[in-house]
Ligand code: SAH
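This document opens with one chain alone, in structure tokens, the form predicted on its own.
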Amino acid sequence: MDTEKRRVQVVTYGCQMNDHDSDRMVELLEPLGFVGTDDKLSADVIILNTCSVREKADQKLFSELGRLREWRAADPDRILAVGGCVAQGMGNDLLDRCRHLDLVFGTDQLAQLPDMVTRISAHRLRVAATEWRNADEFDFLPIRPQRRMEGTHAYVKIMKGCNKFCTYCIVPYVKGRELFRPAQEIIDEVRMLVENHGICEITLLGQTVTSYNLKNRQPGEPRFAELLLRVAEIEGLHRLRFMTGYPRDVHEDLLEAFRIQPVIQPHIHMPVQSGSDRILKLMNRGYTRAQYTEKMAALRAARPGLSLTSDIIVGFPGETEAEFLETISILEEIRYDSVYSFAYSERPGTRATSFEGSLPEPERRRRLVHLNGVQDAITTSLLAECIGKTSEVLVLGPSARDPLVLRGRTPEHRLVNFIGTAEVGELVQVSIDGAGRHTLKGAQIMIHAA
């Protein structure tokens, strides 16, 4: 490979944590002379960063691997790699199944990526590196190097793994147990992003961020709410968010953080998964519907106007029509801004695969379509209620459809397309004069000097 012109494309499946890891993969390979690209044909290395949470992600992976067979065969120096959760779970089996695949690496091997790529380039090896590392061996990646970044927003990972063991979820088996990044490392990374790269909005990431240091806390380390308050005090940081929360871990200290610190934005992603107590118990979620709704009401009381988003699974094994309608009713009770909804899919290795009462695929899809229709109506109604109001908007850049129109987000994480003259990263006041199915419309309020 020509070290002067090496390019890497990272294709991401799954959640924001995978997006974050994909960015880190490009950063880790930069010292080897790589630059990121979105053009498959010009890439010397392609990495598929995978997710195991949904069956469809697996299907997309294998379809893409099939399409990349010709790309890999066209140049013997090219490298095709699979990382992430599917790689962690399948390991050598993935190499055996796809003979044109060069590298499989798990979620604990991200820091080893440059060394593995170097060895494959030099010796044309096929490598599988998916072993778990014990807590005393695991190190979080160092904070980002001093390099130019674009945009106004950045993700910062604060933990890895999960201890919840929901019966439908493979994550604890492929990502391991909860490990928490030291608070000072998190604060240092946020400060570096703000001071050196002009980032003004940060989202703290973890599988269940509200679990941060809740148990097995090291001496001197804060719980999650205190971490939020420390990060929020960094000068130049305008907005602080986090995801994903876990309902059982919402305590009074988190409510107090929302009451007293306006940098913490009035939006929470808090998965409910089902509105039925029986299904929640089968899922091993650890709370009842009443406990969930009480905590959401307490959060909204602590920060009036707070918006909520959620994850929901329909068609769980044994879910009756009445229990499905209980989930519909919690949408109507909570009035989420939006939900990420899924028809249940079996994940090998999870307890739910042995449950009785599997629903036919057409019935799962029917319930999903019904739920999405109800939620779309709620989202449309909530957006319409914003018309005539003024909102502070963080400018993200030009609209995807019209370069003459700007786009940005409100504190509640609602997307706004608006007419204005602001620069990326500015906070401006926008008068909301229209609403679509998923976005708001408006015009910047111009402030004229006296």
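Note that residue numbering follows the sequence shown and begins at 1. Treat the numbers as computed from the prediction; the structure is a model and nothing was measured.
One more form of this protein should be noted, the form predicted together with this ligand, which is absent from this view; the next part is about it.
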(message) in the model of the complex, is there a heavy atom of this ligand that lies within 4.5 Å of any heavy atom of T210, even though the partner is absent here?
(response) no
(request) Spell out, yes or no, whether the shortest heavy atom distance between S345 and this ligand in the model of the complex is within 4.5 Å. (result) yes
(request) Give a yes or no for C169: in the model of the complex, does one of its heavy atoms lie within 4.5 Å of a heavy atom belonging to this ligand? (result) yes
(message) I'd like to know if V117 sits close to this ligand in the model of the complex, meaning any non-hydrogen atom pair within 4.5 angstroms.
(response) no
(message) Can you pick out, from I312, I264, L101, L205, the residue that has a heavy atom within 4.5 Å of this ligand in the model of the complex?
(response) I312
(message) Looking at R367, R239, R285, R181 here, can you tell me which has any non-hydrogen atom within 4.5 angstroms of this ligand in the model of the complex?
(response) R285
(request) Would you point out which of 335-343, 371-379, 91-99, 71-79 contains residues with a non-hydrogen atom within 4.5 Å of this ligand in the model of the complex? (result) 335-343
(message) Pick out the residues of 266-290 whose heavy atoms come within 4.5 Å of this ligand in the model of the complex.
(response) P271, Q273, R285
